[in-house]
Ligand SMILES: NC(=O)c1ccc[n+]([C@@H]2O[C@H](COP(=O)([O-])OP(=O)(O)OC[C@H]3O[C@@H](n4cnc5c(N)ncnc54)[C@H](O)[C@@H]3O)[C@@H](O)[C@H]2O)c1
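Shown next as structure tokens: one chain only, the form predicted on its own.
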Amino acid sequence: MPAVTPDEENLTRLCMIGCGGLATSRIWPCFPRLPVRLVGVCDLDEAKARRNARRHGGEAVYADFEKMLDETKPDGVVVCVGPQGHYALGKRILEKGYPLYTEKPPAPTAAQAWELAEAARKSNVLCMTAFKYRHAPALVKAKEILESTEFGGLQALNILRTAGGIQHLDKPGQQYHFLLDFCIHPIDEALFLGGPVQSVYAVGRGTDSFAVTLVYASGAVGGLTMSARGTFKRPIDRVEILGNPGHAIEIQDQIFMSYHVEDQPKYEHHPRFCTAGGDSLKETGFLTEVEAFVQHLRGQRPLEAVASRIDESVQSMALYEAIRKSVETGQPVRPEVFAHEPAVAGAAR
């Protein structure tokens, strides 16, 4: 292996676990645009790990993540595998004292996400979840506007999100796969934009389509409509936010945002970008979430300024479980509140 140059010594040293489809198409392309070195690449399929390391400059390949961490001693670890893996791998990584970034969801259950938060607290490191909507420029600006005095705070919210892939929902243990794996994004988005939820009432048509009514602690109301009976080739992603009379924010495809008062435009976020330049990774939040993790590791972003920390992710998982329980019981449900949230500390390493 060539000697490390002085410039490379100033780069943040990351280990990456996961070389599957989502990781390869959405997370790996972010690394060349950030001041990082991939000192370790790990996957149970070592051939995939070698492939991604070769394509993206990974310095060493492993099938054993513990061996990788012990030999490379990175500044932080990125994990993109699946809910159970995020929990099982993540807990061990945090216990070993390494800052952690996982794809969504952080764990199969809110209780297990809470365990990750507790492990992060004990090790005094950052644990964050890749809830990309909290990092997408259009959503960040919308949040800023709706919290302004002029807008008057949230009064009503509506989210419509569709996807494809209903064919696997009848498999044993997969009945709620769509609600957890895909709908967790709009569920988290509803919390990001509206704050704590006081009550949930949800109905489902099978396990591929859901309608959810939310009552926020602030008194605002919201609705979520989520269905797998669309297509990934042309998904629908639309958000409508209402504040003071005549004040409305609309967000389309998590990228384009407009704010109107009556019929007059007040603000628009309509970026012009080229997918060949990787700009879509920024506008959809993938690049900006990985960047936030790296900036924290480099001492450039304090913990409180990192969106989608594990303490926030726990609440999103609790809302998911409340929706599922309401569907199953036909009754309104109050989301579980993790009242004694661990102080999720995390000084840069």
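Start at 1 and count along the sequence shown; that's the residue number. Given the structure is predicted, the values throughout are model-derived calculations rather than measurements.
Below, we refer to the form predicted in complex with the ligand, which is not included among the displayed structures.
- Candidate site formed by Asp45, Gly82 and Glu103: every one of these residues places a non-hydrogen atom within 4.5 angstroms of the ligand in the predicted bound form.
- In the predicted bound form, none of the heavy atoms of Cys15 sits within 4.5 Å of a heavy atom of the ligand.
- The closest non-hydrogen atom of Tyr320 lies beyond 4.5 Å of the ligand in the predicted bound form.
- Within this chain, Lys132 lines the site of the ligand in the predicted bound form, having a heavy atom no more than 4.5 Å away.
- Looking at Glu115, you'd find every heavy atom of it more than 4.5 angstroms from the ligand in the predicted bound form.
- For the options Ala138, Leu89, Leu146, Val125, the one in contact with the ligand in the predicted bound form, meaning a heavy atom within 4.5 Å, is Leu89.
- Screening 70 to 78, 206 to 214, 179 to 187, 234 to 242 for residues having heavy atoms within 4.5 Å of the ligand in the predicted bound form returns a single hit, 179 to 187.
- Taking the ligand as it sits in the predicted bound form, the stretch 20 to 39 comes within 4.5 angstroms of it through a non-hydrogen atom at Gly20, Gly21, Leu22, Ala23.
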